[in-house]
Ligand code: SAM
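Only one chain comes next, encoded as structure tokens, the form predicted alone.
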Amino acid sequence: MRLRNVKGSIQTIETSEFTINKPELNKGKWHEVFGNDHPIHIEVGMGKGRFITDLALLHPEINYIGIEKFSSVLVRAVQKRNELDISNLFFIRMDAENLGNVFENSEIDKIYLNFSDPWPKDRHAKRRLTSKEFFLRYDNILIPDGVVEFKTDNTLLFDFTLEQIPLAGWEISEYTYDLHNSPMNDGNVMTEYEEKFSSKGNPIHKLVTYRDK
């Protein structure tokens, strides 16, 4: 999908007090950035930020970092963040491949992946955020009992993910192909895509995975 360029988005992002422009300098020091020792949750590929912003509003006892590589969508989250009186949400503009350069081992408590790019061609499988290659990256930055939560409406990507998890040495604690008609929907926070797709009748898939350590 081609993203429309938003004039001035890069400048808005770079000058925002809620954007960390050199995140690698904070590796191992993210609790200092937030000024507390609360758990840190990240969303990789956060888009316009509705999901992680709603979480930050609901859970002031948790620190949140939204990660997005496209300025044209990240800028929307930054603009909304300016209107909120909270202190537990920051953003990073970067590619997910660089997670290991930004977060120290066992620095993150939970990772959210929502409606990630399916990269449908087989030769691009390693680029999928739920590939075994990416689970290795998550393994390095998560605390020992940390978890990854994944939502999508793409059944092929979901099936791929279910296959990749054991290959990566992870375990699935729960999953469903129809989130909104499942017990897993209790306390569910919607994303923009989730609301759009479910309104069209598309079932939403979700899983939660962890390492057996």
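In case it trips you up, residue 1 is the first one in the sequence shown, and so on. Treat the numbers as computed from the prediction; the structure is a model and nothing was measured.
The discussion below concerns the form predicted in complex with the named molecule, not included here.
Of the stretches 90-98, 75-83, 103-111, 139-147, only 90-98 has residues with a heavy atom within 4.5 Å of the named molecule in the predicted complex. Though the partner is left out of this view, residue 115 does reach within 4.5 Å of the named molecule in the predicted complex, counting heavy atoms only. Contact check for residue 42: no non-hydrogen atom falls within 4.5 Å of the named molecule in the predicted complex. By the criterion of a heavy atom within 4.5 Å, residue 19 is excluded from the residues contacting the named molecule in the predicted complex. None of the heavy atoms of residue 34 is located within 4.5 Å of the named molecule in the predicted complex. Residue 69 is the only one of 27, 69, 59, 180 with a heavy atom lying within 4.5 Å of the named molecule in the predicted complex.
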